[in-house]
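Shown here is one chain on its own, the form predicted alone, set out as structure tokens.
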């Protein structure tokens, strides 16, 4: 019989830290991942940790959860020095983490996932008691979720809720959230914020890591900035400005961050789509795309924006509809046929679908363009292949000492640039970006935005699929809004606002959609 340890009413908020890191250093070979970092985490507060990729945030998480041991320094729990040698140790001290890709067991139901970490299950299961306790935990988060529902049907937001409930069932005292909103829609982010507030009311300390600065100002009580493995600053959110935070993160001012870019002058129509349909997924999507235009697809999670992109690239072809490229009717039933018409697709999941992480940078960049490099007897001209990669390294400012190292060793932003270089080498006329800045830091995000606009200025027609509305409004010349597989309308950027876009995305009526 399960009797999970449930906390009682609101915990008493105390002023001393739950967790402290004092002068923590950690190196991997010659690389210093953290150097003399000291941070105090207070109960009932959201402590945001921000910094570029490579700043040391991931190493911090792994030290807090016992995955890595520090080389120097000490960790204190409730003022007492502790050694966290494993995730189980961390769990015993009330430390847990959830990540942007939730880890649930799809063939188990919600309640089973919540209590999967308990060791007192025994051989006899009292299912009624399990579901009752699961309901109690879920209710304390202020949400509704059926504990009998199978996890494989849950949205990402619901999966994250299950992970938070699992942590609560283990009396979590410090919950680390690593990029928790990277794959969430706007209304799902709102629900997560409500859950975080409920955790604060219970005295839980939340360590919140995100590249989305607007979320930091919305949710955090305290902000710590890290750069190059070093602690730069820790301040109450009331004393932080966006410009100052960015300056601390990157070591310089980014004056153009979040500035709206003037719309491009459009050329002739390059792509025409009419009544594009994939049975059971999306239907009747129609739009035109012009040379030098950035058309953004907006909508909530489940709106099927990505599915339209996959159909245009031939990964999951449409079942009906009409596509015209450069005024010629075409059939796109595979990525090979899409490439024939100079259409390229930059996937949202660079690690799973975009890159071969255990292969060198030069080999990743050349993959779609190997025919250019073939010499006698089908051999690849390695010198030309490396020269090709070097030209893209310089053009896109890929930060790497050379192009012979494995892509998996690069930061997220530089991996994104390698994936873009791979498709730029095909010289596309139409380039589809799916969540182009997901999970990359603010400096890399700005660079990717600049690259997109520069490509458009050079005449590439661009489709950007993004759940980040500020990004959509900054990049777009026009915005196509989808909801549950249907096209709800298209806004010119002069008419587009977050309110209008969200109104269509949620099925309401928005002014001036066309």
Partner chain sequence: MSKFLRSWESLLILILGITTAVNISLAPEFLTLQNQVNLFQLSIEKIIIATIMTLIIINGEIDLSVASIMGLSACTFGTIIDVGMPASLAILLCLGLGIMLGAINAFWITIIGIPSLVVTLASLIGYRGFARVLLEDRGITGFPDWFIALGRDGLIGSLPLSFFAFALLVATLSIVLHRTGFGREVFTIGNSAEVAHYSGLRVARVKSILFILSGGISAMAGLFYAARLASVRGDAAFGFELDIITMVLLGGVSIFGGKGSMLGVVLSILIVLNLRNGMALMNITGHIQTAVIGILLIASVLIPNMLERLRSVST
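Residue numbers count along the first chain shown, from 1. Think of the rigid core as the biggest set of C-alphas that the two forms share within 1.5 Å after superposition. Note that this is a predicted model, so its numbers are computed, not measured.
Here the subject shifts to the form predicted in complex with its partner chain, a form of this protein not shown in this document.
The closest non-hydrogen atom of residue 354 lies within 4.5 Å of its partner chain in the predicted bound form. For residue 142, no non-hydrogen atom is located within 4.5 Å of its partner chain in the predicted bound form, even though that partner is not displayed. Although the partner is absent here, residue 237 sits far enough away that none of its heavy atoms falls within 4.5 Å of its partner chain in the predicted bound form. When contacts are judged by a 4.5 Å heavy atom cut-off, residue 211 does not count as touching its partner chain in the predicted bound form.
Highlighted residues 416, 433 and 457: none comes within 4.5 Å of its partner chain in the predicted bound form, counting any heavy atom. 385 is the sole member of 178, 188, 385, 248 with a non-hydrogen atom within 4.5 Å of its partner chain in the predicted bound form. Site annotation in the predicted bound form: the residue of 73, 321, 302, 368 reaching within 4.5 Å of its partner chain with a heavy atom is 368. Residues with any non-hydrogen atom within 4.5 angstroms of its partner chain in the predicted bound form fall in just one of 239-247, 354-362, 200-208, 219-227: 354-362. A displacement of 2 angstroms or greater separates the C-alpha positions of residue 375 between the shown form and the other one, with the rigid core held in common. Annotation: Cα of residue 360 displaced by at least 2 Å between the shown form and the other one, core superposition. Comparing the forms between the shown form and the other one on their rigid core, the Cα displacement of residue 333 stays under 2 Å. Whereas the displayed form keeps them at a certain spacing, the CA atoms of residue 466 and residue 159 lie at least 3 angstroms closer in the predicted bound form.
Note: residue 154-residue 203 Cα separation is 3 Å or more longer in the predicted bound form than here.
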